[in-house]
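Listed next as structure tokens is one chain, alone, in the form predicted on its own.
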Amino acid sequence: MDKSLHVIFMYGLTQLGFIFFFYSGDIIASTSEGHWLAIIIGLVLNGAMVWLYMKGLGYFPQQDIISIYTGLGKGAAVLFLLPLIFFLFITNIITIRAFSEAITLIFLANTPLWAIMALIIIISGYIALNGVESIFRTGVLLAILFLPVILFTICISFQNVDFRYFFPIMDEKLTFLTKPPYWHSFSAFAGSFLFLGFIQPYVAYRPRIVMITVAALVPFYFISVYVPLFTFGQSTASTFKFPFIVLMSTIHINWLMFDRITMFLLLCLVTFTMLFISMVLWKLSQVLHRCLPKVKSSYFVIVIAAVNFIGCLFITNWDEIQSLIMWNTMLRFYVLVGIPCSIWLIGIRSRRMIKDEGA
């Protein structure tokens, strides 16, 4: 049964969670002019890698990337999958810890940080325990409930914009390429499309629909960056950790019965992120279950969630989160570029071997 709708909701929601939380702050911090060029470079790379990834997966119908790598031998499987495991572990820790701190800062100041992290992990783990079908059903439900809220908040975010802040229009020296925050911004891309290679034996989807979703998300990247810039200006916006979230606290609508629109935006982003965390837990459990098939994958989900929680407890402040993001840069680009390219090259090699055998 074709479940392309489930797939595009999963991809779209997880991307929106990262776009409006991490991405805007990283891009604004990376350059003081010509932000559009920094955004386009990332989008082109992401689009090319998603296309290449699905092209490579197309050579292996009904196989996931674990089977593709293990088909090369145990040594090759360890070489390709071990960095992936580390990346997913670190990404989950960063995501849980960062969103927990944002929740504490904005509307749960008196709640212990460990309690918020535990709640996020428990909910995400529960979703992951029920398998990939449960994750996708949850994604559809969240899309129905929260996509209208996200679209509404985006529409009202233009309330105080001044389009003159678009200038200067060009960073001729491309200085953002040397700034760490710009390389951090690729965390919005890396890992989001990875699930496409894990679900292939379980869920049927059309690659063309995924590419349409990638294109449909392009305006949101620009909105997340330029609306805070048009509202605050570069000098002020660059001082915020979460520019778009801060922007929403400046919006005032007399006819709206709720005073804090920021709370609704953040709750939407947190639910989208919990969906991402649950998918990461499921992906990690699938890799470990393939290594130890006698152990149920649900046990791995519980153990991984516990390890993630313990890892989050060791991070004491936002500077340590930023350092962890920086240390994760190599693995991030391995996932963003290395895995799609390797799957594509392995697929070409496999097709040539089949042709040679047929000849």
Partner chain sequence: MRALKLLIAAMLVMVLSGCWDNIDINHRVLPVVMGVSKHDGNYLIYLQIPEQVQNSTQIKIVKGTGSTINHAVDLISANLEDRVDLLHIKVIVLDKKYAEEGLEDTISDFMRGRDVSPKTLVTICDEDMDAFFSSVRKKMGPKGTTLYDFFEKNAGWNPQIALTRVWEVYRSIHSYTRDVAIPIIRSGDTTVVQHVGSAVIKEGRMVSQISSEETLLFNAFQRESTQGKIEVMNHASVLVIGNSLAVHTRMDGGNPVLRSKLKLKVVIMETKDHPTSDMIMKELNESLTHQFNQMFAKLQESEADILGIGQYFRRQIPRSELKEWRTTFYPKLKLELQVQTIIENTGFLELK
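Keep in mind it's a predicted model, so treat the numbers as computed, not measured. Residue numbers count along the first chain shown, from 1.
FYI, the form predicted in complex with its partner chain isn't displayed, but the following is about it.
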*Q286, G338 and R352 each touching its partner chain in the model of the complex (heavy atom, 4.5 Å)*: no
*Tell me, out of T213, Q234, T175, T153, which residue has a non-hydrogen atom within 4.5 angstroms of its partner chain in the model of the complex.*
Q234
*its partner chain: the contacting residue among Y165, F198, F222, Y182 in the model of the complex [heavy atom, 4.5 Å]*: Y165
*Picking from 69-77, 225-233, 184-192, 82-90, which part of the chain touches its partner chain in the model of the complex when contact means heavy atoms within 4.5 Å?*
225-233
*R206: heavy atom within 4.5 Å of its partner chain in the model of the complex?*
no
_Can you tell me whether I94 touches its partner chain? I mean in the model of the complex, with a 4.5 angstroms heavy atom cut-off._
no
*So, in the model of the complex, is W114 in contact with its partner chain at a 4.5 angstroms heavy atom limit?*
yes
*asked:* Does any part of V246 reach within 4.5 Å of its partner chain in the model of the complex? Heavy atoms only, please.
replied: yes
_Neighbours of its partner chain in the model of the complex among 237-253 [non-hydrogen atom within 4.5 angstroms]_ = T239, F240, V246, S249, T250, I251, H252
